[in-house]
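What follows is one chain in structure tokens, specifically the form predicted on its own.
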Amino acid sequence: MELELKGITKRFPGVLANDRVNLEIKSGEILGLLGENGAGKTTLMNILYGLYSATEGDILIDGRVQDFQSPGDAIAAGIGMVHQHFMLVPVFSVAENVVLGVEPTRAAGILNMEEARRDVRQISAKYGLEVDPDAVIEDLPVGIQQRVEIIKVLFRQAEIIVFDEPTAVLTPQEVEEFFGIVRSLRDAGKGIIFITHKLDEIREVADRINVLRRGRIVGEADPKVVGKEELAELMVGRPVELVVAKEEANPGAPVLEVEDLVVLDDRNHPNVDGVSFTVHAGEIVGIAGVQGNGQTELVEALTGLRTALSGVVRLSGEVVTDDTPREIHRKSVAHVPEDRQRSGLVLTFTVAENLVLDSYYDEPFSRGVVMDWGRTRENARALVEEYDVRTPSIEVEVRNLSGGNQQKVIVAREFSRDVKFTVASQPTRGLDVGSIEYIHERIVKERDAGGAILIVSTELDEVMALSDRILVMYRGKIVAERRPDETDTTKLGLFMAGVTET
């Protein structure tokens, strides 16, 4: 099977998302697709998958023009997509998830689950995707859940498979296993489009690399010879520092002290289970772990968004365990949330309004119940310039900015005041190398000014690059503490998977 995107152009009001993109992939190869946040990768894949219609251009399969009006049309033509956020029903079994929507039936329309189980076993055996058809999804680790997503796609006869940021929630060991699966799919004749912002990964797994910048294909690279620095510059259009420069930390007095903290999740399970640690002034502490091991509940408890069941949280010696988010904010705490769109921004508010979300009720932005819009706009213009927020205007709704620029709005708002403690959760999730470089520099600058920083990230390279000390969370507990110079990503990955040292 040969897929070709020919002259694909997509226009939204005021935005040219894709500009005459040409891309082709054949069965039996892995095409890596790189690009800055906002470069047009997602739009292009949404067109391929039938979610959008192109303004101009054609999709061709084996030389024949296609007209995809829905994902169903794309699936019927042999296109499959494994999304970054898994599309699985947690309380269903593996087999039930795989056949959902296309269930095999016996006479009189009775569901034939035995046939579904048999199909899952056959696909698992053929492609090396070992999984129990009767296992319940919520009981499976994320690496196995990803296998279920792949089996779903293969069950629907996909010949071209798109993987969108497929390693975002995997440990290093699971990443290696996943790469083996991707290669086995290629060797079985499938065409793979691999979308990622991780330069090392795309160089390891891809056969060819195409780079998108500002909606256009700006280059093709051979992963066997191209370097990370060259790829990064091709993506961004300028040289990029891939590892932030920072001096040795000089920790001061304790700022954050957490003692025996227990926090329940939404199902009343203790997802933070007796956690204790300290963060000092002038220090960055990183928390590594696979998503879902208590990091979200921990951050919510530290910022007043979730009530702890027991334990103590102190800021500069003062107990704040039961404080509200506003009370904690007023104690010079900054919070960069893990989901910028749900928890960090009001998407229908302007850039200027979002830059005062946590301070609009105080001077100089308001006097009593009356907003001072002149000061609000003055503040926005200054921060947009200082933090390099790429926006046509401070009056633009923040939903119209790229993900990287949305993140810069949050960082600008949180770091633009006198802050003693910062908790940044997944601070660069989904961002391109240029935005990552900038945000890492701002975090280190905040540390060097004497701030205490807690970084929570599933990106081990980020944790290693930024942290002065690293804690690893597994099933709600801190299972290891290391300095970056005494460990590596392989060892950290083992801790993340629950393997302790012997």
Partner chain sequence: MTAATATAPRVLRSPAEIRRSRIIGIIYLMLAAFVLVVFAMGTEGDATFKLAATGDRFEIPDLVLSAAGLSYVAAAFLAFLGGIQLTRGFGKATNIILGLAMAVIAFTFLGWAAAGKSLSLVGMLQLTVVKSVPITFGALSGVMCERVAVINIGIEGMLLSGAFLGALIGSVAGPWMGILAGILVGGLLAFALAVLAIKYRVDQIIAGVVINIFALGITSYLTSSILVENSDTLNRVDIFRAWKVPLLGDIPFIGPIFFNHNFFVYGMYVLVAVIAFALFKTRWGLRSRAVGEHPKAADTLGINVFRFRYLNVILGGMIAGFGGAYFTVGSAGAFDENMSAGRGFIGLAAMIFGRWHPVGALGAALVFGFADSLQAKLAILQTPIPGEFLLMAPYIVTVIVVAGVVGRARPPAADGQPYVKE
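All values derive from a computational prediction rather than experimental measurement. By rigid core we mean the largest C-alpha set that fits within 1.5 Å across both forms. Positions refer to the first chain, counted from 1.
Although not depicted, the form predicted in complex with the partner chain is the subject of the following passage.
In the predicted complex, the partner chain lies farther than 4.5 Å from every heavy atom of Lys224. At least one heavy atom of Ile75 is located within 4.5 Å of the partner chain in the predicted complex.
Remark: Gly109 counts among the residues lining the partner chain in the predicted complex, judged by a heavy atom distance of 4.5 Å or less. Among residues of the shown chain, Lys26 is not one whose heavy atoms approach the partner chain to within 4.5 Å in the predicted complex. Exactly one of the stretches 441-449, 45-53, 26-34, 456-464 approaches the partner chain in the predicted complex with heavy atoms within 4.5 Å, and it is 45-53. Of the residues given (Ala382, Met87, Leu357, Leu347), Met87 alone sits with a heavy atom within 4.5 Å of the partner chain in the predicted complex. Scanning Arg208, His83, Arg118, Arg216 against the partner chain in the predicted complex with a 4.5 Å heavy atom cut-off leaves one residue, His83.
Contacts to the partner chain in the predicted complex (heavy atom within 4.5 Å) from stretch 469-497: Tyr474, Arg475, Leu494, Phe495. Once you line up the core between this form and the one not shown, the Cα of Leu140 ends up 2 Å or more from where it was. Relative to the superposed rigid core, the position of the CA of Pro364 differs between this form and the one not shown by less than 2 Å.
With the core superposed, Trp373 shows a C-alpha displacement below 2 Å between this form and the one not shown.
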